[in-house]
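As structure tokens, one chain now follows by itself in the form predicted on its own.
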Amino acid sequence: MKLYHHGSSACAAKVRFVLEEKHLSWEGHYVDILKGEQFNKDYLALNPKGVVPLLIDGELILPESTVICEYLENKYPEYPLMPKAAAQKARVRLWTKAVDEELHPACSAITYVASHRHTILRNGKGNFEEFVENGDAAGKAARLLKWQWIQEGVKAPGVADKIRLYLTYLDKMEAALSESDWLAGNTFTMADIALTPYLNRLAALAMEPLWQNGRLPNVENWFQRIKARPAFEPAFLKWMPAELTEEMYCNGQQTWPEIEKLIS
């Protein structure tokens, strides 16, 4: 299997986490989205949306991280990440659906306004027309939003609402974890896989105060147990270049006062 991915992509990290938890062999192809490599002609031929991740397994070319994760679960049933009971499966899917529909867009916003905008502006990645018109029409609306985040930061339209939405999911996690060891029950599942990149993203942006110091103790304990899993390091830390790790953390520290004002 080949995975086209990037170190800071939450969606790519989710797929890497599944691959590692299932002890599957895979070949990584790094696409530097901060340098615009997702818009290279060869990559767009594989994924016209110009996003990561993308999985190739034999003749199958598969985009969309949640679809990839479900495919891996179904094709490689060893080390299962979905419960057998219908009710438990539904609980897991409520979390994965929420990630796709609400939490991921919120994560994209906070990542761009807190850190990626600084990297992209420094790299000088083209003008408005070039940025927005790259890739196919299906991804144009998302690129337009990202352009606003890059140019305006926290003050961009809708960013404050997305950050507050993010916080509501931290509260939902706290409530769920007060009743069970893991998000969808007492077994580690795809729900925990799905949420991990979004806690890890906040940590990467120096925003741990959102749950530390007694604010959300169940979330803090859960994240510590997640980081102790053997699959965490190869899924999350291995693929993050040291300079990008440092840059995101420093940018996050600089942006944190603006974020804190929004949520106080």
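Each residue number is its position in the shown sequence, starting from 1. What you are looking at is a predicted structure, and each value in this text was computed from that prediction instead of being measured.
Beyond the structure shown, there is the form predicted in complex with a small molecule, which is absent from this document and is the topic of what follows.
Asker: Among the candidate stretches 212-220, 43-51, 22-30, 228-236, which one is within 4.5 Å of the small molecule in the predicted complex when only heavy atoms are counted?
Answerer: Result for this chain: 43-51.
Asker: Assess the spot marked by 117, 163 and 253: is the small molecule within 4.5 Å of a heavy atom from every one of these residues in the predicted complex?
Answerer: No, because 117, 163 and 253 lack any heavy atom that approaches the small molecule to within 4.5 Å in the predicted complex.
Asker: Taking heavy atoms only, is residue 64 within 4.5 angstroms of the small molecule in the predicted complex?
Answerer: Yes - in the predicted complex, heavy atoms of residue 64 and the small molecule come within 4.5 Å of each other.
Asker: Closest heavy atom of residue 169 to the small molecule in the predicted complex, within 4.5 Å or not?
Answerer: Answer no; every heavy atom of residue 169 is more than 4.5 Å from the small molecule in the predicted complex.
Asker: Looking in the predicted complex, any heavy atom of residue 10 within 4.5 Å of the small molecule?
Answerer: Because a heavy atom of residue 10 falls inside 4.5 Å of the small molecule in the predicted complex, the answer is yes.
Asker: With a cut-off of 4.5 Å between heavy atoms, is residue 38 one of the residues that contacts the small molecule in the predicted complex?
Answerer: Because a heavy atom of residue 38 falls inside 4.5 Å of the small molecule in the predicted complex, the answer is yes.
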